[in-house]
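There is one chain below, alone, in structure tokens, taken in the form predicted alone.
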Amino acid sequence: MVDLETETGNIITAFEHIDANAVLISVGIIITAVLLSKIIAFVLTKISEMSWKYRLHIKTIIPLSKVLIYSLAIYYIISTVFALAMNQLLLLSGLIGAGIGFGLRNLFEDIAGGVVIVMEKTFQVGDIIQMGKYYGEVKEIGFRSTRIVTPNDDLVSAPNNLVFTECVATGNAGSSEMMASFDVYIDNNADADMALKILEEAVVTSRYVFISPTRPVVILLNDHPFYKSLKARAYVNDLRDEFLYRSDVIRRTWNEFHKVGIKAPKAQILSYDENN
């Protein structure tokens, strides 16, 4: 049976004998781990961009490699440089958690959230996600935060602890293709059949669309009291082209609408979610 008082004393003694050389070695190991993780992330990102088909699969290795490198570095420092035994290591972890857990609660929640995201693959680097109020492409999954590029090209750092408190939706779930849907509103007296035909033609001829037996194009018509809405659902070939696809289809659709006299509704339409 482990004597907690004795082991705690051994840990304190081990840290009392830490010299400048051990500190320098530890700093060197940490710097090496950081540089190595950045180099691996850079190389894998370059390789993923050259291999479009496996782009997202390759990028999933990046956060896993960071967890592995940092974990090995910390373990090596504590077990080899500071020469702590396994039972002392476990006890030290408990003491640290008990001592500063409440003071740095948000930090530990973020780190725990990062580990959950990586291990459970809640989402991956390259995915398009909705995480709380944040929406965009995942560029990096860090220990404390997830970096997301929004449609406005803003780089947002969303805290990882949101995975415990907010719903997380992914638009592609690791696939290169992603469904992109949008609505087009026309006047209630407009020719709905003609409008459906024009919209479908614009969708299937878009340079960004991806069509297959499992990725069909769906065009829906909804009739409202003062207007009609047409919803287009199709998959983009590359999820990064989601907004280019929407812009391309809407622009060409309305060009054809103007030619045949299909007009927008007179009533103002309020959309509850601009991402749907």
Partner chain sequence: MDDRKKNKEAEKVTITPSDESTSEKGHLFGLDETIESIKDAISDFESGKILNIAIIAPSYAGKSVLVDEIVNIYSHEVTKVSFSSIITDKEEIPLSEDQSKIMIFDNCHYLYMRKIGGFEVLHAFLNMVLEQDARLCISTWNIHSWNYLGRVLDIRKYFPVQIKIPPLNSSQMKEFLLSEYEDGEILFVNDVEAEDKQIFHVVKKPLAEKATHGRIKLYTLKVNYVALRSLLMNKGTPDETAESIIIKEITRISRGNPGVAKKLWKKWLEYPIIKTSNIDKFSPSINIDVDSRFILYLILSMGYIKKCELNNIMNWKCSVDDIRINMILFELLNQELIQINDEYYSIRADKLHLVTKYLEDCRLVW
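No experiment lies behind these values; they were computed from the predicted model shown. Numbering follows the first chain given and starts at 1.
What comes next is about the form predicted in complex with its partner chain, which is not displayed.
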What stretch, of 26-34, 207-215, 220-228, 63-71, brings heavy atoms to within 4.5 Å of its partner chain in the predicted bound form? 207-215
Within 4.5 Å of its partner chain in the predicted bound form, heavy atoms considered, which of Ile117, Ile198, Val125, Ala158? Ile198
Option touching its partner chain, based on a heavy atom within 4.5 Å in the predicted bound form, out of Glu177, Glu137, Glu140, Asp187: Glu177
With the partner left out here, check for me: in the predicted bound form, does some heavy atom of Val163 sit within 4.5 Å of its partner chain? no
Is it the case that Asn237, even though its partner is missing from this view, gets within 4.5 Å of its partner chain in the predicted bound form, heavy atoms only? yes
Even though its partner chain is not shown here, does Lys266 get within 4.5 Å of it in the predicted bound form, heavy atoms only? no
With a 4.5 Å heavy atom cut-off, would you call His258 a contact of its partner chain in the predicted bound form? no
